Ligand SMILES: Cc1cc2nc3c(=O)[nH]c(=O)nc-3n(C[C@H](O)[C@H](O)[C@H](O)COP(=O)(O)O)c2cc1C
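Quick heads-up: it's one chain on its own, the form predicted on its own, in structure tokens.
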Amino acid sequence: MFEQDESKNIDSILIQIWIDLGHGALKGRHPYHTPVLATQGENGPDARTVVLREADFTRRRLISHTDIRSPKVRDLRRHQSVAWLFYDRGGNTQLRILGSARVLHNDERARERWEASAARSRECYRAALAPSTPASSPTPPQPLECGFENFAVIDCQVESVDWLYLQHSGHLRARFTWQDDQWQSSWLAP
């Protein structure tokens, strides 16, 4: 991903991070397509793999979809702080992103995201049982007619990005924090 000389320019690192996040949102085989999203649950931290649907540098947004009935929605309604973890094994890069997330449901933005989703993706929201509901068998029950009523968008405003680049000659690490309406950057010991 980064050449030695390029990785020393901290401004180019932030730009490349957002380019890579954008690729992750668009390309199913990109390592950033399925990050881990952590929330604060009733019994402590809770983490799960999600699909990154959009990364918007200018608005500092990461977008994912979820079922409105899922436990992570309850978590987000109690605590909006979230942590994302992205790892690119081939690119030797780890991103830890902190932000504040809100759940969009049954509104214009959710409708836009629903309509932009592939039909196969919409099928996930047609399940009669809510995610994490105990079931008597592994066979899914009859699906609901439409899934939009269960569809929700997780809209996360990014507040900081911790970038770690692993290399044999010495790891590099930088932090980018949104402060005073701009990105503040600093090098960190890896």
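If you're wondering where the values come from, they're calculated on a predicted model, not measured in any experiment. Residue numbers run from 1 along the displayed sequence.
Keep in mind the form predicted together with the named molecule is missing from the figure; the text below concerns it.
Scanning A127, L164, A38, V50 against the named molecule in the predicted complex with a 4.5 Å heavy atom cut-off leaves one residue, V50.
Look at 114 to 122, 101 to 109, 86 to 94, 70 to 78: in the predicted complex, residues with non-hydrogen atoms within 4.5 angstroms of the named molecule sit in 70 to 78.
Taking non-hydrogen atoms only, Q157 never approaches the named molecule to within 4.5 angstroms in the predicted complex. In the predicted complex, S132 is the single residue of 113 to 137 with at least one heavy atom within 4.5 Å of the named molecule.
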